[in-house]
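Okay, so here's just one chain, in structure tokens, the form predicted on its own.
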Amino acid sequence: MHNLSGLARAAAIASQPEARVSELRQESGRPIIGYLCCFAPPEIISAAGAIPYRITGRPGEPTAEADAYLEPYGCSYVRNVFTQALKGRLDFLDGLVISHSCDLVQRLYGIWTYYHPFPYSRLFNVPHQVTPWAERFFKRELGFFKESLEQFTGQAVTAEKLREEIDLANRNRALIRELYQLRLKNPPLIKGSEMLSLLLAGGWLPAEEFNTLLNEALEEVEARSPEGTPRPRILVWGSLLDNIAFYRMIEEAGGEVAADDTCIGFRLFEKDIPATGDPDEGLKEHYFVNFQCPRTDRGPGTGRFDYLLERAREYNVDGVISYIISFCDPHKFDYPDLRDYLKEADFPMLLIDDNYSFTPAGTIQTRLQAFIELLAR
């Protein structure tokens, strides 16, 4: 892995996410803090002297171990993640941060920390409505989060340190947006599966190492020439996609993932963290006010979908494929309204409801192929 660079290194890291972070723990001596969802800003974890690690699952693996602790009809992603912990694959973690993104994730925190406690753990509360009082609540949570990390690591999270981490994170966001711009070409210079490998690697690397990886990948992709003939361009919308398998299925079915709006996708990197006098204010604006997650109520009407329509037009997509994990209520409640909203704008939409396994693969592949052939006609 050390001999690889750019996209090849990202793919290698994506295939063995625990390998590099285990090396980092030995090389740097810094504690590793795992987190689910980004409402608890990873920049604060870095500023406290720890390494943030985005916890992901392994789609399709049996979850019998976790089913002894969690109801089998709950979110298959949550059960899958807890299975990784029960199998010892996350033993390198020194701490755990879970944000209240949904009720089952919040319940996971209690079960996980009760049966398998960490030296450090934190439940980060997140309001479900964007109101003035909710913004004040979220900002107060940021303060409590910093205090808890300071007590664990022994390092003060100063405003100066936090600005440095935010600046580095924003430089990475700028590089990611440059790579996304190269997807405007037809065919795109970088495949959707390659882009997702990079973003996944970014969740498992320190920001400075991710910056090097992004620069290498950007140089590599900019040197490419468009190959092949244009194919139907797809925007993928939905819940968490932390494995490139689904994007590869779309590519094998004859489509190009030209744009996306998922938890580990452009939803997180579209904008910089605002540069404000108080870093907490910028973090609050980015991770709470501006982060377009369906779990946050933004009032009635379809105005909350406008940004998605603009993205579909900007990237000149032919259709939208929605990937929703079974029992993911926030995304499922939004789907009917979003489908009708996009239909009025002449963007057809296909729903793939999956139990975080991409199986039966043949059935999913057939539906993807039929939809892409429809777009091609």
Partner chain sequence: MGQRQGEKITGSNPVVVAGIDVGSLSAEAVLLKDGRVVTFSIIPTGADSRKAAEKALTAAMESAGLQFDDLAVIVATGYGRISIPFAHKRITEITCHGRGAFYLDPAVRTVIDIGGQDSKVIRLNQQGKVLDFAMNDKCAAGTGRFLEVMATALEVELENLAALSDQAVRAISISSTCTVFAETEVVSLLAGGADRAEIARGLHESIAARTSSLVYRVGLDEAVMMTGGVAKNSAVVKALEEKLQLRIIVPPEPQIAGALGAALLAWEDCCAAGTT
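In this text, all values refer to a predicted model and were calculated from it rather than measured experimentally. Positions refer to the first chain, counted from 1.
Below, we refer to the form predicted together with its partner chain, which is not included among the displayed structures.
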query	finding
Non-hydrogen atom within 4.5 Å of its partner chain in the model of the complex for each of N355, T359 and E373	yes
Its partner chain contact at T366 in the model of the complex, heavy atom, 4.5 Å	yes
L350 within 4.5 Å of its partner chain in the model of the complex, heavy atoms	yes
In the model of the complex, R339 touching its partner chain (heavy atom, 4.5 Å)	yes
4.5 Å heavy atom contact, K343 and its partner chain in the model of the complex	yes
Contacts with its partner chain in the model of the complex, stretch 64 to 93 (heavy atom within 4.5 Å)	none
